[in-house]
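For reference, the chain that follows is the form predicted alone, supplied as structure tokens.
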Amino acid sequence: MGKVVSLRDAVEANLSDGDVVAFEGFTHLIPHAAAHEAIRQGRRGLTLIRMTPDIIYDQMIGMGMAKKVVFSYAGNPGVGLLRRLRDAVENAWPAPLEIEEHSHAAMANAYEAGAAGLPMAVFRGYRGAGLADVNPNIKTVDCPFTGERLAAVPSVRPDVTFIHAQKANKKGDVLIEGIVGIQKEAVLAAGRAVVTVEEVVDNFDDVHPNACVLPNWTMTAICVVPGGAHPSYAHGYYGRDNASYLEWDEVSADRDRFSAWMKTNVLAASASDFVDRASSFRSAS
């Protein structure tokens, strides 16, 4: 288990200014603790990639870390819009933000193509949609076998991907149970991969055959951060903190309130605080 390091050291070693980075998790196992550590370390000029940017990207954008975001849906899940992202796009506060919007299908295929080492993803999509009018990275190609016109987008190949998972074993393999989303492909597509986990165990016992196990060779660093997905949930460990998502809508609506909240809850906090934040939800999943 030589790959087990502190989250601070993992971010410092693997995330640099100007990197293309994915913090992935689909509703479930969103790597909030890793994103907060990146905020504390003050990274700048990042291209943020994520299928569904939610409040972690709202926080990172609001702290001036991002120059561009590549995504397929941006919103506070179940609540509304991302106010810091909107302020950056419309008012360049705290910095201008370039956006590249895709469909979910395009992002999923782009991650898969990146994991396969391909330069682009080809799929059926965007028929009748207007995104191609505003996104020059949406192209069409003709199938050389059937002549069918297909959509094509660049593959997603991050410099580094961050995910959260339930467990790592002592060999360094990582177990994801529940909703997997695109985490596997995001890890395989990346040059480096960092995972935060709830715990390290000897072995994975009674694993469902549909669970995702990422072998140790896919991981650059493993960080033990119990509660590290809060306020999202970790199947089998704790439930979703819906109140935090509702609170964020109010906090993020005002620049001063946002800045004060970030100072208290992120800049002056640490990864260990996630244990307490998730503790009251541990019987809900």
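In case it trips you up, residue 1 is the first one in the sequence shown, and so on. Because the structure is predicted, anything quoted here is derived from the model rather than measured.
A second form of this protein, the form predicted in complex with another copy of the chain, is not displayed here; the remarks below concern that form.
At a distance threshold of 4.5 angstroms between non-hydrogen atoms, Ile176 is in contact with another copy of the chain in the model of the complex. Contact check for Lys139: a non-hydrogen atom falls within 4.5 Å of another copy of the chain in the model of the complex.
Interface membership of Val153, defined by any non-hydrogen atom within 4.5 Å of another copy of the chain in the model of the complex, is confirmed.
Another copy of the chain in the model of the complex is not approached by Val201, whose heavy atoms all lie more than 4.5 angstroms from it.
Along 15 to 41, a non-hydrogen atom within 4.5 Å of another copy of the chain in the model of the complex is carried by no residue at all.
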